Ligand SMILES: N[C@@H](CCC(=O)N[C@@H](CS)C(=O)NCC(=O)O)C(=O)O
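The chain below stands alone and is given in structure tokens; this is the form predicted on its own.
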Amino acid sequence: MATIASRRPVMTLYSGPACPYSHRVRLVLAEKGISAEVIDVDGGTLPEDLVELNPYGSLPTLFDRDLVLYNAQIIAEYLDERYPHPPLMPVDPVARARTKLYIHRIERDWMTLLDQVAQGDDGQSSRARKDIRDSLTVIAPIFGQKPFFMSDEFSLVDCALAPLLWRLECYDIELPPQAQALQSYAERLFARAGFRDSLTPAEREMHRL
């Protein structure tokens, strides 16, 4: 008997409309021009597919024929390898390893703090906001060296950073003037057609367009 996923005729992404990790995957889809059915899951009862095939019931979850993936970065790398043009990862093994390390640090150093802000505990959220603002300000000068993060080409690192930067305003994280290079970088990302196409209505409301 066919599974629910294998009965689906097209690639399907279950996505949180305000989830930064889902946003990352939607951005990869948009940048690479990949056709997929995107199904918003916003609280309430999880779809039957997720309950059956994702043991964590987490978002984002990608179904592609018999394949089920449920980690944002694993999904992003899979999409880049399956649809290699335009490439979002370098070919050189050393450069690829460095790119993966950058993404790992983004997740550990900033995304975990953003999750704390989103949880809404006043004391924890205030500390997390300050930590995000301070650490981004310290690293800001490197964003003036290249058009994208440590690169002349848009990459999966930028896909990981863009959802975070888009949410700063919504979460009342204001960068100081000395972070201008980072702010200019963010504006370059936000101006991309792929980024605009990746936004849900909920995400558009997070930022003054």
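Note that residue numbering begins at 1 and tracks the sequence as displayed. Every value quoted in this text rests on a predicted model; they were computed, and no experiment measured them.
What comes next is about the form predicted in complex with the named molecule, which does not appear here.
Comment: the named molecule is not present in this chain, but in the predicted complex one of Leu79, Ile103, Ala72, Ile132 has a heavy atom within 4.5 Å of it, namely Ala72. Of the candidates Val28, Val157, Leu59, Leu165, Leu59 is the one whose heavy atoms come within 4.5 Å of the named molecule in the predicted complex; the others do not. Interface membership of Gly194, defined by any non-hydrogen atom within 4.5 Å of the named molecule in the predicted complex, is ruled out. The named molecule is not shown here, and in the predicted complex it never comes within 4.5 Å of any heavy atom of Tyr185. Heavy atoms of Leu199 never reach within 4.5 Å of the named molecule in the predicted complex, leaving it off the interface. At least one heavy atom of Cys19 is located within 4.5 Å of the named molecule in the predicted complex. Annotated contact segment (heavy atom within 4.5 Å of the named molecule in the predicted complex): 51 to 59, selected among 51 to 59, 32 to 40, 139 to 147, 171 to 179.
Residues of 161 to 180 are not found to place any heavy atom within 4.5 Å of the named molecule in the predicted complex.
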